[in-house]
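Two forms of a single protein chain come next, each set out by itself as structure tokens; they are called structure 1 and structure 2.
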Structure 1
């Protein structure tokens, strides 16, 4: 263990070499009585100097874990299947065929400044996401609300614009953190297990246990430090050396070396998170569907899985739903590497000259190598891709969803509807390809509004087909993301999002 006040990000970044390290101790949850005490440090990618503690700005792996450490949402998800569980809402129920939802709140939850949680806080926090100027990735979720009203201090009733049987799970989105009513200066006051003691954007968030946390059987460690470590080698070095006790999104090629180290263990996420490539469909030359289709055919997905992910990945088909999901549309033809067809479509698009693909370590440890390999594949189809490596700092604010052709990263969401809605529906602030397709939007609306599971699956398959054929995202694979854990860290449960569904801090202990 290390003390948070003795740890610096600069010291971590100095130690990027990998020593003699080797193979896997399978990760298991240990059934034992949790111990209290100790300081926990976690290395996470995606931090930026532009980060803030306003939940509306949470849009990266680092800030997702900040949300799960300092705040709570109404509903949470946990485990490899992303099952929903109570957050600040202890229970919920629906009427009017999924259009009206009642959420009963914890009466024990208090904010870090001592204020008791009430329904007014919930209403204020949710509606922040649709306030003028908000670019929250949760805006589409809250835009689906027609009215929200308090039923006393301890319950809220939400009436939607249309039926949505997925709605409670959507409220687990990490940016929907609850803050005190009237908050305008966002300094990290939440109801979460740890409260902020220091925040240096792009570098570190330091916290201490909140003794007033409403879950008395959680928050075992004394302090939690979240380190913004965008460099993949530095994250490997940090967990190898014991400078941190959790290290997220490890480079797949390093895992084979790390697995036999006696002082650590490896946990895998097999969720729907992915790294991919965005073609902005509202910017030339990517406003041409034939060019987009040519590029989808110009990437050798199987080769990428072997060479970039060391075989630890599942095949992608340019939708955010992986083949192991119950919502996966097997009826949609799998795109395979076809240089000849790609060459023909590229010629039909009328475009000539190189395409600049912007990428960065901020997207993940394999992002730059993925782009370089993509360029190698595309060259065999006569398509020239120039890879431009951007600085990690500022990538999410300056390049993502702005540059015509760029790398992207998405963590899993609790439902297929939610990831499709956030990332690809018309007008969503998180729509990072500017995809706008009325048929796609309508298929999703049908899926979320049907009480029939068969009808929901059919509509979801239609939505996948439209995105696959017309969309601007290339998703070659869904990596089985490795996370490094200290051997003496217990209670960790891998989730569909990194760092134990972002909430590892409240669940783990040393022993």
Structure 2
């Protein structure tokens, strides 16, 4: 007990430490006058020749940054804790206990074609995501809207199907970019700080500063090029040679070598994405909660952080909410490696024989290493795990959410509520452990409907405790993703999303 408390405290201290440094930094740097000018090139992974500028299709690291460069969302997130801040909506307020939300829009925002932003644009842009044939990752967010109406040109009133105090934060999802009313051919007209001059899908998006940008004290560099560089080694050489000034996700092993270079800085994105192991709670032997608890105790998280992530990861407590999140429940005891307790629980569960853990490169090379290391840890508790490597092709359709024990991967969702709802509530189509727990569902619903922050956090903590104790997912760690920055680049604020919460383009300057 004492041991687990110290872990929680340490994790908390570390988390707040990072947050304090990160939030103090931009203001100190902003105190110097930012220089205008210069061209910025950013190398980003996940570009595809199938990319389009239709915000509904944004579903990759590359397109997320395109969103943050060319477009705006109503609400934004920034900083190491992913706190919300105003986007095109300067302020918002609720009535009817979180069921009706009013967003007041910026009156200065202008689209790249000169039109002024009005509430009609916002309504059109949001409702696009539930239009026939939409494959948007924001669909569940917009589906929770019952009605949406304009209140004059500069405000929209959204009535939800149920109370949800997480709703404004959900609107920060990068695919909820605002486009002009009636847009049918998506050629990149947004309200963002940079306007598209050329787009070659899968290769490059070139932009220039948009003089009409509504934040007059932002957007310092003249041109921004987003280069699609999917190969990790190519990103390393690009940032090393100075061809790009920002690079997304660098390989953890190269970082140690890059750190010694004088022309580079390394920054860490503390996202909520994670790789973990799913024990399907509806399939034997994992329908047995004791076996699930035994396995959670049989993984040495600290060792995994050191050996897989070279020390750059935050402890996971088998819930999708990382310790740096504002919703993180510090009150829930941190699971630590305890082979003796794991052995005892394993004996109590009555299971014997090897457990087959299916994993794949589709989940990432780290997931395969994590599985191998997990098997080593579990062996010390007398539990045999056989790691079975599946082909990447077809992993998501044939193994994921189907095999009793398998590796999973989740990208960050805009709010804790969304990931908890999507991945762990009863009956959700993406519930990949088949977790069905009425108490958990109820706690989440309470959290959504709580107007006081304290109550909301308490309910969220309850939900995390249930998942931590009974859930089927093992989340050993949240990787901090290293990003490379040129040494002469200022104003960069690392966030919970890549490339400075996707909006580095408008914040940085050369000096």
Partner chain sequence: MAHPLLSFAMRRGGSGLVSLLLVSLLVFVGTALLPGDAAQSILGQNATPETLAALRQQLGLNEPLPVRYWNWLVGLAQGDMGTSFSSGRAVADLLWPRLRASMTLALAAAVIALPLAISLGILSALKRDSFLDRAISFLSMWLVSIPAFLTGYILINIFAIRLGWFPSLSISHGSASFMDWINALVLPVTTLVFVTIAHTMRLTRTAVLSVMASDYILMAEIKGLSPRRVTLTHALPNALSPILSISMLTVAYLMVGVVVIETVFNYAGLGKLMVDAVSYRDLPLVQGCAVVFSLVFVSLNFAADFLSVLVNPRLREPKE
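Residue numbers count along the first chain shown, from 1. Since the structure is predicted, the reported quantities are computational estimates derived from the model, not experimental observations. Rigid core: the largest C-alpha set superposing within 1.5 Å between the two forms.
- The form predicted alone corresponds to structure 1; structure 2 is the other form.
- Of the two rigid parts that make up the chain, the smaller rotates 32° against the larger between the two structures.
- Core-based alignment between the two structures gives a C-alpha movement of 3.2 Å at residue 320.
- Overlaying the rigid core between the two structures leaves the Cα of residue 457 displaced by 5.5 angstrom.
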